[in-house]
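What follows is one chain in structure tokens, specifically the form predicted alone.
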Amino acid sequence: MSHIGIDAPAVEVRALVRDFRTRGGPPRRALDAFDLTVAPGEVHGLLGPNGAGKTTLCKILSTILLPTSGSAAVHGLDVVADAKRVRPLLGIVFGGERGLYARMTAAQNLRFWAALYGLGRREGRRRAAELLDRVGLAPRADEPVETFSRGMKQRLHLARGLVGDPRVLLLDEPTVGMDPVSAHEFRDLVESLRAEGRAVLLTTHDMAEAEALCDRVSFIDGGRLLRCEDPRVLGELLSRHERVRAAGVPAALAERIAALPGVERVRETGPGAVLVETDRGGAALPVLRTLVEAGVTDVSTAPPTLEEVYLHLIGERGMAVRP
């Protein structure tokens, strides 16, 4: 029988393949020869468009799905051969409404999950109270979950994922629906998990979140690992390829902006409306100055979309965003 590896990676995936059968057609490959290693205490981001394979990977690691081929291990335990021993090592937060009982209170939900993890009544109550305080829900502990906002439910999901004191936490889009204050508090929670030596595998579409939280980021598309990067690469891309939107821009002004240093292109998005894309850090500032000096007041800036980051990072080679 395998033993928990003290020095083993928190997550180790080798040549992982997962195919799904399709009616009347060839199998759809959700993961394709996928490799990944996550160290204990590492926060690792999985960044990719819908259908990239992020959730499939998390479901295999959590023993919900079987791989078609290849291997995956958590702290040295194979997720297929040692599934029963892997499960207590994992905390899983898939979000949405799954896993919460709306008519039960927040405390009752956590005590129920504590019982499923084998905790006694007294220990379950203590653990529930501790976690509700940790995620900022202690004042609402005795209120039904059906009265909670979406962000509050997501924080309760995070508490549920920690009930079993996991060594590896799988977070699938954890801040969806959270207000900025809650999202900031969540980031503090992730920092504390890292300090405790727990590994966190975080799937997200939010590049700023990945940059702020992650030690490394894996870019995934079509079930393949494209690149694994330091999150500082994200920061450079976000600043270098900043976009400026403006309305009420005459054609002559748009031509002037297109000639500014660092402007990659100017796209018309509607009558008098343009999207200015830059390709170097600081290039957005002279664009904004030129627009304001010309009397344009409807102006905003934004980071590039995930798809645009992919194109800038890996070029035009074969990025297919699946439905």
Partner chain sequence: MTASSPAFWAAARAQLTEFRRDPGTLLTLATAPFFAVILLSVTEHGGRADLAPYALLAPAVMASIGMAVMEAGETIFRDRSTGVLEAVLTTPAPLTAVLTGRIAAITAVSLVGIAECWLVGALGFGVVVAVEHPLVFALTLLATAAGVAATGMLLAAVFVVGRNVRSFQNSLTFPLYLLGGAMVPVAFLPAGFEALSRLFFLSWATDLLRDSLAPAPVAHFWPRLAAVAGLAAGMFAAASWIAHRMVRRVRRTGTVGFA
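Nothing here was measured: the structure is a model prediction, and the numbers come from that model. Residue numbers count along the first chain shown, from 1.
There is also a form predicted in complex with its partner chain; it is not shown, and the following applies to it.
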Practice task
Decide yes or no: are 182, 216 and 219 jointly within 4.5 Å of its partner chain in the predicted bound form, with each residue judged by its heavy atoms?
Solution key: no
Practice task
Give a yes or no for residue 94: in the predicted bound form, does one of its heavy atoms lie within 4.5 Å of a heavy atom belonging to its partner chain?
Solution key: yes
Handout entry: is_contact(residue 200, its partner chain) in the predicted bound form, heavy atom dist at most 4.5 Å
Key = no
Practice task
Please run the contact check for residue 131 against its partner chain in the predicted bound form: heavy atoms, 4.5 angstroms, yes or no?
Solution key: no
Handout entry: Contact test in the predicted bound form: residue 151 vs its partner chain, heavy atoms, 4.5 Å
Key = no
Handout entry: The unique member of 104, 193, 138, 178 whose heavy atoms fall within 4.5 Å of its partner chain in the predicted bound form
Key = 104
Fill in the blank from the handout: Checked 247, 228, 253, 119 for heavy atoms within 4.5 Å of its partner chain in the predicted bound form; positive is 119
Practice task
Quick one: find which of 200-208, 220-228, 185-193, 83-91 has residues within 4.5 Å of its partner chain in the predicted bound form by heavy atom distance.
Solution key: 83-91
Handout entry: Interface residues of 98-117 toward its partner chain, as seen in the predicted bound form [heavy atoms, 4.5 Å]
Key = 98, 99, 100, 101, 103, 104, 105, 108, 112, 113, 115, 116, 117
